[in-house]
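A lone chain, given as C-alpha cells: the form predicted alone.
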C-alpha cells in the first residue's frame, strides 16, 4: 500500500495515497484501502477541543483512559494522545490488518507509541473485552463509523464509566431524517417521515435512540454538545449511572413530535395541528436540550488555546451559533421560514428582519446551524406566520 504523509493538527499522519480514490473531480474515501476522510478534519478538530474541556471540567484529577473503537488510519487516536492534556492512554482499534499497520506507523511517527494501545478486533468485542476482562475505568469512548453507530451503541454506552463521555458520529442521514422509514424502524426503533425540519428531527431521533439504549443499562445521558455538519451528526454525551436517573430521563426527555402537513411545520409533542388536520406522529425522540449551555461557554472560552486548528474559524462560528440557539430555547424545533411562507401563500421574508421583529415583540430568536433558511424562536407558530404574512402586505 502506497502512502503519503500529511499534517493534521499537531500530528504527522501516514494515509493511503489519495490518488487511488480520485475519479475525475470526485474524491471517494471509501475507495482507499484504509479509510481516511479529509472532510472530517472539522469533526476531529472539535473532538480535541471537547475532550480537553471535558477533562478540565469533569475529570480534572483523573487520568483519562479512552477508546477509539473504529480507528482507520489512527488519526483521531494519535491526535488525542498528542493534543489533549490529561489523556493517560487511548486504545486504538481496527479489524483490518492494513489499518493496524498504519496505526502502528503513525504512533511511532508521532512518538506516542506508549500512549496508544493498538488492537485488531471487532469493535464490539474490543469494548466488551476491556469492560469484562481488563476492568479498566474508561472515561471516553469514540464511535466514528462509516454509516450508522447503532450496531456499536450498546457496548459503547456500557463501557463508558460513570460521568464518562461517549461520542458518536452518524452518517446515515437518509435513515435518520426520514427518507428511509423502514431502516429507521429497524435500526433506531422509530417511526419517522421526511419533514422541513428533518435535519434537527434526525438529530433528536439519534439522541432518543442513544438515550433509550443507555436507559436499558440503567444509565442516563446528558448531551454536552450535538450538532449537524456537512453529511453527518456528531453527539457528545455525559453518562451517569442509576436506574432512577434513567427513569427520570425517559419521562422528561423522551417523547414525540407531530408534523402538520397543511402548515408545513413540525412541533415537539403530540398536539392538535393549527388547522385541525390529523398530524403525523414522529418518534420516540429526544425532546430536551441538544447541548449544555455551561459546557458550550466553556468550549468557547477555551478557543484561544486552539488557534492552531485548521478549522478554528469554523469551530468559532459554530460555537457562537450554538450558544445563541441554546439561549433561545432548549425544547423547541427550529422553523424553516421558506416552508412557513409557502404554507401561508406568500414569499419568504428576510431572515434577519424576522428575527429582529420577534425580539421586538418580546420573544427570543436566533439563526440556526441546521439551515440557512431557518430560525430558532420560542414564539408560537401563530406569531411567526402572522409576521410572515404581514411582510407580504
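As the structure is a computational prediction, the values presented were derived from the model and not from experiment. Positions refer to the first chain, counted from 1.
We do not show the form predicted together with a small molecule, though everything after this point is about it.
Does each of 35, 94 and 146 have at least one heavy atom within 4.5 Å of the small molecule in the predicted complex?
All of them do, each having a heavy atom within 4.5 Å of the partner.
Which of these residues, 123, 296, 260, 153, gets a heavy atom within 4.5 Å of the small molecule in the predicted complex?
Looking at 123, 296, 260, 153 one by one, just 123 meets the 4.5 Å heavy-atom criterion.
With the small molecule left out of view, which of 69, 354, 49, 64 would have a heavy atom within 4.5 Å of it in the predicted complex?
Contact check passes for 69.
Determine which one of 72-80, 303-311, 266-274, 178-186 lies within 4.5 Å of the small molecule in the predicted complex, judging by heavy atom distances; exactly one does.
Result for this chain: 72-80.
Counting only non-hydrogen atoms and a 4.5 angstroms cut-off, does residue 44 reach the small molecule in the predicted complex?
Yes, residue 44 is a contact residue.
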